[in-house]
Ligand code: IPM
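Taking the form predicted on its own, here's one chain by itself in structure tokens.
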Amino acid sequence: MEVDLPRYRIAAIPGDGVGPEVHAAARSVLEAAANALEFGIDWTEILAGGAAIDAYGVAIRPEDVATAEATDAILLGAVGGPKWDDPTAKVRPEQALFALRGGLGLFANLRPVAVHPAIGAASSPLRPELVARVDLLIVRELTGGLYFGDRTEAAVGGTDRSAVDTLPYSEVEIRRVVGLAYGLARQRRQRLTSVDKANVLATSRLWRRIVEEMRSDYPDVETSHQLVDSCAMLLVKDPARFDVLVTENLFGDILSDEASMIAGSLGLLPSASLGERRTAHGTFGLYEPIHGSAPRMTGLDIANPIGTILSAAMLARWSLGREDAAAAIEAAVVAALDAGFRTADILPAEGDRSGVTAVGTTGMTQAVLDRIGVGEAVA
């Protein structure tokens, strides 16, 4: 008697630059985990970013946002590139991200930063003793703040040009992302650091007041406040002190890129953008590596796929409810790194390279696939 396998629907957005390469890598690894654990995936491919501008004249079509919304999750590569890099253009690749985040209510971006013992000392710019115990999670508010506020562009020409960007936040926006961060802190080491600029910004003072009002609901979580400039300093000086950091959109964008270098490379780290909507299996979300489209690497088989592969693991855990698949993917990545496989961005810069195997995008993907137990090449 045949048994129907569980099936999940995923929107695939390869994007631009190295996006299609790392996306294909993550897709093949997720498929391998699905095969090993006997569940199925139905993929729906969508154009977004520069590819959509070339095809449709817009960064993403409204009907494609609706198509993505009808799935269980979105797996994204990266968008953008020099071809569409005119900041004065009315249509830009990054508008696809704003449309997906805002249109689908994805208000929180989760960026975990952990240092793999095998590569931390060799690849991180920080001293080994500073990175050895790092395991932090940045929770960035994603649909408010400076990126979504009203703006006035500078006039063309003239000698006294000015421009204005506004930074709005409402209590509802702050409470929902802080509440999510508190819940995550409870599942980790029960420490929450709220990052703001309350000594200068009115929105930050509101942010801090709301965190103070909410902290009594989470008495088991140690709560602290940190000004964003001092937080940036401490991420370099003592990164292991942090557990969960929660902050607004602009600060989170900057701090998460800084924190990524603790691990040694942007190419290593995943992210999840989540909202409140539940599907039949979990929380609907968009998953992508934290790096950009890296146009200079396009087509050279040198981009590190690990960040996108680990994003697929987060997708399996959060949106598909498949902890087994997430754990299998994460274990395969650790095993590949333990075996010495390194893309160019995490190769030891100097010294002894014994036991290290230099590989490209395809080679690293294959190393991960082999350790899931399904040795298929990347399509």
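Residue positions are given as counts along the sequence shown, with the first one as 1. These numbers come from a predicted model, not from an experiment.
Beyond what is shown, the protein has a form predicted in complex with the named molecule; the following relates to that form.
Mind telling me which stretch in 227-235, 158-166, 91-99, 204-212 gets its heavy atoms within 4.5 Å of the named molecule in the model of the complex?
-> Looking at the partner contacts, the answer comes out as 91-99.
Heavy atom within 4.5 Å of the named molecule in the model of the complex: which of 253, 72, 173, 243?
-> Comparing distances to the named molecule in the model of the complex, the residue within 4.5 Å is 253.
Partner-contacting position among 84, 147, 284, 107 - heavy atom within 4.5 Å of the named molecule in the model of the complex | Spelling it out, the residue with a heavy atom inside the cut-off is 147.
According to a 4.5 angstroms non-hydrogen atom cut-off, is residue 197 in contact with the named molecule in the model of the complex?
-> Close contact is absent here: in the model of the complex, residue 197 is far from the named molecule, nothing within 4.5 Å, heavy atoms only.
Is residue 116 close enough to the named molecule in the model of the complex to count, meaning some heavy atom within 4.5 Å?
-> Flag for residue 116 set to no.
Interface residues of 258-290 toward the named molecule, as seen in the model of the complex [heavy atoms, 4.5 Å] | Residues within 4.5 Å: none.
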